[in-house]
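As structure tokens, one chain now follows by itself in the form predicted on its own.
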Amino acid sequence: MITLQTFFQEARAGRLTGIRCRQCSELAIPPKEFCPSCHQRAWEAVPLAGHGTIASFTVIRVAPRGRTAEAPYAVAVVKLAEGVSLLGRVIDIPFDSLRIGLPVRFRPLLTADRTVVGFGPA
């Protein structure tokens, strides 16, 4: 079973991992306790390609406490090729180039003690 901890360990290694319900085949990301469709706990880990397109985005200019040094930065909801969506930080794409439908690929953003889901140019 994949947990949030193993999800981020895999992400840190450059692998994006989703979960698929063995009962109803629902695909989800990030990991959750119960399947939202059939309410079972029958997940199995599945590798995801990490390619997708931006479904929505925003530029954070006033960051929450603890992130003020990082502002401004952009976050986006990315619809992955497998059909699920994931929120992540936008990396190496100028703000004025961001648009709905822009192809991106998974790129983890790493610090010494933290892994953040990120998406960069495809």
Partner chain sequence: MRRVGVIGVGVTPFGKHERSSAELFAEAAAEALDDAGLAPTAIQAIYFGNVVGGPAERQLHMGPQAASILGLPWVPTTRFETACATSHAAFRHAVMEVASGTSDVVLVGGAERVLDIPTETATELFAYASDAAFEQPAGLTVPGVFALIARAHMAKYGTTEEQMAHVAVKNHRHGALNPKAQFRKEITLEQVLASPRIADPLKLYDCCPFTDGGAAVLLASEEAARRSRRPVWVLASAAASDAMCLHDKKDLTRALATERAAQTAYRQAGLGPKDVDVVELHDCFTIAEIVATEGLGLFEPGTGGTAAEKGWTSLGGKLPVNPSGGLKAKGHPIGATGAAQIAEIVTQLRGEAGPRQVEGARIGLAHTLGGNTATVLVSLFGLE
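All values derive from a computational prediction rather than experimental measurement. Residue numbers count along the first chain shown, from 1.
Although it is not shown, the form predicted in complex with the partner chain is what the next lines describe.
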Judged by heavy atoms and a 4.5 Å cut-off, are F57, T68 and V75 together in contact with the partner chain in the predicted bound form?
yes
At the 4.5 Å heavy atom threshold, is P64 in contact with the partner chain in the predicted bound form?
yes
Indicate whether S85 is a 4.5 Å heavy atom neighbour of the partner chain in the predicted bound form.
yes
Answer with yes or no whether I29 is in contact with the partner chain in the predicted bound form, where contact means some heavy atom within 4.5 Å.
yes
Does C24 reach the partner chain in the predicted bound form if we count a contact as any heavy atom within 4.5 Å?
no
Residue by residue through 88 to 114, which ones have a non-hydrogen atom no more than 4.5 angstroms from the partner chain in the predicted bound form?
G88, R89, I100, R114
